[in-house]
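The chain below stands alone and is given in structure tokens; this is the form predicted alone.
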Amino acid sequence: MTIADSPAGSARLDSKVPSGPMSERWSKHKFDLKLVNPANRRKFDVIVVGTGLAGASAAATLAEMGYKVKAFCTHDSPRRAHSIAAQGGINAAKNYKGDGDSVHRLFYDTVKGGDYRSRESNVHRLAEVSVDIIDQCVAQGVPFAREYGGLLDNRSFGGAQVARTFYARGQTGQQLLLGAYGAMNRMIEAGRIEMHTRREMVDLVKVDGIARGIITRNLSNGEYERHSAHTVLLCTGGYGNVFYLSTNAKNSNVTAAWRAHKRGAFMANPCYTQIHPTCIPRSGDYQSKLTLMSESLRNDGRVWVPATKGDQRPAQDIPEAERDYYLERKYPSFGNLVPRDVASRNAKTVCDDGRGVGPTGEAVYLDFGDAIRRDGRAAIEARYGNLFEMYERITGDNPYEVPMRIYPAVHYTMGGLWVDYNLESTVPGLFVLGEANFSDHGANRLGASALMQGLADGYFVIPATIASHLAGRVLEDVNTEHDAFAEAEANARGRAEALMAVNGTRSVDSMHRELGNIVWNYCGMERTAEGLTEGIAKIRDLRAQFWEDVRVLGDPNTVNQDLEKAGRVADFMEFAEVMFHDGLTRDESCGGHFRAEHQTEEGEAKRDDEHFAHAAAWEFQGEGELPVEHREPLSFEEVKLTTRSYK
């Protein structure tokens, strides 16, 4: 593999992190940024791709400020963005519980939870902004739960010993998105947001090296469209569906980010994927996705397995003395609320040991018996009622009466396009927000921090930092007749025509499922150098088969979901190889990247801070060519590098 030397590679990765005391950097940076005065903002067009929490909040805020915004989503309404699937809550350092929380503690927990592989300055800004997010959402009417005195209620999430998670039962993501969607609608009605639904970004357009527009395919009629602007914001989520089975909506994909990557945006830390420990186990090969059960359930549910291998008795027949509450046993300080990567690996370990439950043996119990006896069924129903109902509808089991069965599943991706402190990628004028970027979570995301990051980026960060581009560069007038738009459109059309022309024998879904099995088996909860090397060869073989034998049905010039899926799977085929290269090059264990060769005697991740305390950003070199790695060194000024412990 070709790897750029660290000094040379680092020179291309200017993080633009401000100097000075950590707690003052964001305020200082905002003051030092150039401004766009209100009268001039209406002169600038801003493209926002994706209208989940990050995109909707950015579009609404920038339009309120006076910018002309063009927003794009693949759905018939922004309300269908995958952000609605977030259940448990959103973190903020309000300290309403008076239990010792603070901005610094949220910052510390997040850096530690990410296993010391995130950029400190970004994380501190996230913790600072968190307190403002809650005020903004309350003002929008988001119906957060409240405690008896009228204050907003909080509950605990993994990786923290304080209660800082604000929630709306098990529907937090949906309620937050409705708040942002309402703000967007206000601006759509005012004529400041031009909303384009049922559009998929299929290429990024650069003029003089600067992002100046996108090419979209209209999913309702198959037409290709050109859109120009002064800047482009990608808010398109993560790449978890490279695994085929994940908790993500089926339309979630990597295409927008990957096409931008092929235009020069570096892809950072793609091997960092999060396996969520609290999901409904897979029941058969017919499934197309998995279902998340909120991490908030671990506040009251106790995780256990039979103490004896092969114990097939129903849960209610296994006495207390013959149960192993393994998280409480191994991690007495945090118990069932250890971070997701720790909980997931431990679930896999006990199942591999022959103590898994259910028909497949790949499940553990999440038991609410003690909580119901302690607080009463009504209290548990008030906290989690919709989640319990969802579980019963899917499994047929009533979790008020029998324990839930859960098992880890792919959920979130910490890697993404590399961005600097301003959220700008290596392509000038291309900003990346939310899960689509790599910046805040390191090697593992703490629960309830995804909503926090998406809204922080959209409501508070990008409205300030976008001026670094708009006021800091000379931007010539560009319209869609420019040759760069013609070239990008021809490129997108050519790719679609090539997919249709294969006319093979295998369905797109069958090849996606095969790719997902490779990625899960060789780059899932546990990786090895041997497995990653073997996986790369398998991906290359499968990609060759794809372009020789895939069959895409229908007409390319009209509605064609098969063509949509084929384009996305083709991108996943290319992306997966970079993901494996990244995992192979990072010869250590950290957070969600668990290399079996690098673990402690107790089976915990073993970092190598001397050689791998950096972000790895991969540069596209051409189809079929090995990518080049660039490294951004990570410094830790406020949080001392230590071995993570939740005991």
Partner chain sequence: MIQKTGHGDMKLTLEVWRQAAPGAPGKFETYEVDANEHMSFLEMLDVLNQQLVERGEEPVVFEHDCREGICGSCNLTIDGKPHGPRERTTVCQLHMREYRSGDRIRIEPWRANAFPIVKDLMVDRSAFDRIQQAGGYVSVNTGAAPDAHAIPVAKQNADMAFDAAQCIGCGACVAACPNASAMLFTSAKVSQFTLLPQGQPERERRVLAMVETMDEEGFGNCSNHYECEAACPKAISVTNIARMNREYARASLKRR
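Residue numbers count along the first chain shown, from 1. Remember, it's a predicted structure, so these values are computed and weren't measured experimentally.
Separately, the form predicted together with the partner chain exists; it is not shown, and the next lines address it.
Peer 1: Of E194, E389, D324, E534, which residue is found within 4.5 angstroms of the partner chain in the model of the complex when only non-hydrogen atoms are counted?
Peer 2: Of E194, E389, D324, E534, the residue with a heavy atom within 4.5 Å of the partner chain in the model of the complex is E389.
Peer 1: Looking at L446, A570, L178, I210, which is the one with a non-hydrogen atom within 4.5 Å of the partner chain in the model of the complex?
Peer 2: Selected option: L178.
Peer 1: Give a yes or no for K289: in the model of the complex, does one of its heavy atoms lie within 4.5 Å of a heavy atom belonging to the partner chain?
Peer 2: Answer yes; at least one heavy atom of K289 falls within 4.5 Å of the partner chain in the model of the complex.
Peer 1: In the model of the complex, is there a heavy atom of the partner chain that lies within 4.5 Å of any heavy atom of Y108, even though the partner is absent here?
Peer 2: Judged by the heavy-atom cut-off of 4.5 Å, Y108 is well away from the partner chain in the model of the complex.
Peer 1: Does R329 reach the partner chain in the model of the complex, with heavy atoms at most 4.5 Å apart?
Peer 2: Answer no; every heavy atom of R329 is more than 4.5 Å from the partner chain in the model of the complex.
Peer 1: Does any part of G240 reach within 4.5 Å of the partner chain in the model of the complex? Heavy atoms only, please.
Peer 2: Contact check for G240: no, nothing within 4.5 Å of the partner chain in the model of the complex.
Peer 1: Specify the contacting stretch among 132 to 140, 342 to 350, 364 to 372, 474 to 482, defined as having any heavy atom within 4.5 Å of the partner chain in the model of the complex.
Peer 2: Looking at the other structure, the answer is 132 to 140.
Peer 1: In the model of the complex, which residues of 245 to 261 put a heavy atom within 4.5 Å of the partner chain?
Peer 2: If the 4.5 Å heavy-atom criterion is applied to the partner chain in the model of the complex, 245 to 261 yields T247, A249, K250, N251, S252.
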